[in-house]
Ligand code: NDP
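Take a look at this single chain in structure tokens; it is the form predicted on its own.
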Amino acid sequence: MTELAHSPIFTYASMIILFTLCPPFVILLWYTLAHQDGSVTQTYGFLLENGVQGLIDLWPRPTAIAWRIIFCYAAFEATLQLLLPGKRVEGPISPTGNRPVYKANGMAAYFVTLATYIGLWWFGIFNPAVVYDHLGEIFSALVFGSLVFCVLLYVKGHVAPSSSDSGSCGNLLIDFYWGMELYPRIGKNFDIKVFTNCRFGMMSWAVLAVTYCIKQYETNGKVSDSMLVNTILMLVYITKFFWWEAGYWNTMDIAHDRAGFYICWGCMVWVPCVYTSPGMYLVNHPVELGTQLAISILVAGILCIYINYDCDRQRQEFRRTNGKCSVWGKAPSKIVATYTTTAGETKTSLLLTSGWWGMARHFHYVPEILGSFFWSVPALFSNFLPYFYVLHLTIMLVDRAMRDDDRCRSKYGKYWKLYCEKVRYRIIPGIY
């Protein structure tokens, strides 16, 4: 299991954090943004005064309407994933020699989802403000429901694995945390990780961004320019994600991280709560930026998202053409690396060392972090919480860069050392 390249201390520390701290944090984040004016000190004061009982009292109980909203949303996305037409796309070959096959219909599902959701509101069939009004109950239901879902995934990995890319490390907790299967599926066509990561997690980000916008309109009779900038930038980023979804299937999340609590609970709970938190804050804290500042932030944010996209596009085109392409108007420089699979087969990969990928080994994380800053900064600086996602994303991407370097060092050996000599910096050119 590639995940076990982590030290045991890191593994158990991250398990403790996710198992014990993240579920209450999700609820406390919602409670602070929705009921404590976004003030961390007010929430801290409440907990200091009331202790554990205070946490129990503020924790919303999952309600029937919360479960219905989650079920209808999940069923709708699963149906779109199965039924919408899409191009056949092959994923990367796994360590055991398997090559997963996907149906790339994420962009269609994205537009159908948003059109349906906005249409239901426009024609008075369903008011998305109801989702915001029951948001705490929904997050609470997701905390517990996603935990049960991960237990079922663990059992499936033992009882009915979908491929040979499955196995136990011998430790129940680590198996549950990191996951048993790399590519778990229901039948041949329903990929579980695509559902949890893309169609449930990322799609909920877009749906909630629209929800917050509509809720502010329903409350104030208008949408502030800060909310518009936040929503537009988030939707541009998510549109980019689904446009590039087939490329995402080659990344660490899908191709290397197994389907366990770490990634599936995170995508089904952490994404809809934490990733949308700047917009959640703006619902009750509208800021008028003025035309010039709003447009400046919007343009800067779109530029960062474009650079992030172009980094991924550049590498994808390089791989697709087997290095026979142009990078910034020139033939790309590269390293031809060989490696051996677990089955003993010798394979060849090309490592791009020019363009964006010649600046740093993970330069694409820089515009991604900056993009998240620009859709958070419309909240200005009265409170810290709108920027928690930026902090979280920075920590997560630095960790991911380190994990990816460790995995590539193990996979490519001397060729990775040569690559690091040519591309010296990990993320930030000239600094790190």
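All residue numbers are counted from 1 along the displayed sequence. Owing to the predicted nature of the structure, the values given are computational and were not obtained by experimental measurement.
We do not show the form predicted in complex with the named molecule, though everything after this point is about it.
Chemist: Pick from 237-245, 164-172, 136-144, 193-201: which stretch has non-hydrogen atoms within 4.5 Å of the named molecule in the predicted bound form?
Modeler: Correct option: 237-245.
Chemist: All three of 110, 121 and 215 touching the named molecule in the predicted bound form at 4.5 Å, heavy atom to heavy atom?
Modeler: Looking in the predicted bound form, the three residues 110, 121 and 215 all stay beyond 4.5 Å of the named molecule (heavy atoms).
Chemist: Could you tell me which one of 285, 103, 315, 185 places a heavy atom within 4.5 Å of the named molecule in the predicted bound form?
Modeler: Filtering the options by heavy-atom distance leaves 315.
Chemist: Looking at 115, 75, 252, 325, which is the one with a non-hydrogen atom within 4.5 Å of the named molecule in the predicted bound form?
Modeler: Residue within 4.5 Å of the partner: 252.
Chemist: Consider residue 352 of the chain shown here, and say whether it contacts the named molecule in the predicted bound form, taking contact as heavy atoms within 4.5 Å.
Modeler: Answer yes; at least one heavy atom of residue 352 falls within 4.5 Å of the named molecule in the predicted bound form.
Chemist: Does at least one non-hydrogen atom of residue 409 fall within 4.5 angstroms of the named molecule in the predicted bound form?
Modeler: Answer no; every heavy atom of residue 409 is more than 4.5 Å from the named molecule in the predicted bound form.
Chemist: Using the partner position in the predicted bound form, report whether residue 397 sits within 4.5 Å of the named molecule, counting heavy atoms only.
Modeler: Result yes; residue 397 sits at the interface with the named molecule in the predicted bound form.
Chemist: Even though the partner isn't displayed, in the predicted bound form is residue 132 close enough to the named molecule, meaning a heavy atom within 4.5 Å?
Modeler: Output for residue 132 is no: heavy atoms all beyond 4.5 Å of the named molecule.
Chemist: Can you list, in sequence order, the residues from 55-84 that come within 4.5 Å of the named molecule in the predicted bound form, counting heavy atoms only?
Modeler: If the 4.5 Å heavy-atom criterion is applied to the named molecule in the predicted bound form, 55-84 yields nothing.
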